[in-house]
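We begin with a single chain expressed as structure tokens, specifically the form predicted on its own.
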């Protein structure tokens, strides 16, 4: 079953700049996909549209059997909070919250009981290798540590699909390898679908399939394993 479908989707910023042009592809449930391409190829734009974070001018996007074109903004928000995780390249951590509070925040939005929130948040903090740093503030962490907090926050709701924008961009080789293996384990054991935007060969190696974009258009698709 397809968990995501792009049908001739275009995002035009202005007359001289097209984010993506008539882009069509699909992602099956349980896949681990990489959107690849150089800077400016449209991969981040496609990722944001797929996650319901950005709008589009033409075409159709179906996410989790829902047409994003037909959903109201509050319905898209509920869909994201309930079944979608997103890992931002710029982290997007809340600066006034601790590591623990940042990770548990998505559960608080879903009105999960505090005891359960704390338990799940601590579990994921440990999973990404930040145990003992729960009380730190974001400005007390390195870039790599902040990225791992963002990963834990995306995973804490156990979403059906996780989007990640350049997830290894700010990580050293050891941490990047650890996180990619964690993604792979979740993909294999829990069936979580992952869609990355990346030009990092380490990410592409872990993908089941690579969708390569150039100038906002589909260049090719290739199975990796």
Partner chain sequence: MSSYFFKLCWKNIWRNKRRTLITVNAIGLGVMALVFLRNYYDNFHEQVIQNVIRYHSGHLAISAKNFEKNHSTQIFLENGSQVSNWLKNRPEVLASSERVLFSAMLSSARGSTNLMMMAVEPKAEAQVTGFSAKVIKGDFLKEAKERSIVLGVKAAETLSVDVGSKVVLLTQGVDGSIGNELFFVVGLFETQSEADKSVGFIQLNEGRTLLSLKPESFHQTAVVLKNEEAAVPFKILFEDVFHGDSKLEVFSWKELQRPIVAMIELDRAVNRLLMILILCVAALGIANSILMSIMERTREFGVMLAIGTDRKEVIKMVVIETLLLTLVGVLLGNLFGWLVTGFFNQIGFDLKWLTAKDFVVQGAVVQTVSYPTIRFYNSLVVTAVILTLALLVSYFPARQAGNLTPMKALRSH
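Numbering follows the first chain given and starts at 1. If you superpose the two forms and keep the largest set of C-alpha atoms that fall within 1.5 Å, you have the rigid core. Small disclaimer: the values here were computed from a predicted structure and weren't measured.
Another form, the form predicted together with its partner chain, is not on view; read the next lines as being about it.
- At a distance of at most 4.5 angstroms from its partner chain in the predicted bound form, none of the three residues 128, 155 and 206 contributes a non-hydrogen atom.
- Proximity of residue 122 to its partner chain in the predicted bound form: non-hydrogen atoms within 4.5 Å are absent; the residue sits far from the partner.
- At the 4.5 Å threshold, heavy atoms of residue 115 stay clear of its partner chain in the predicted bound form, well away from it.
- Although the partner is absent here, residue 53 sits close enough that one of its heavy atoms falls within 4.5 Å of its partner chain in the predicted bound form.
- Taking the partner from the other structure, its partner chain in the predicted bound form has no heavy atom within 4.5 Å of any heavy atom of residue 71.
- Between its partner chain and the residues 192, 48, 41, 168, the one pair within 4.5 Å by heavy atoms in the predicted bound form involves 48.
- Contacts of stretch 194-210 with its partner chain in the predicted bound form, defined by any heavy atom lying within 4.5 Å, are made by none of its residues.
- Once the cores line up, the CA of residue 98 ends up 2 angstroms or more apart between this form and the one not shown.
- Core-aligned CA deviation for residue 112 between this form and the one not shown: less than 2 Å.
- After superposition on the rigid core, the Cα atom of residue 136 is displaced by 2 Å or more between this form and the one not shown.
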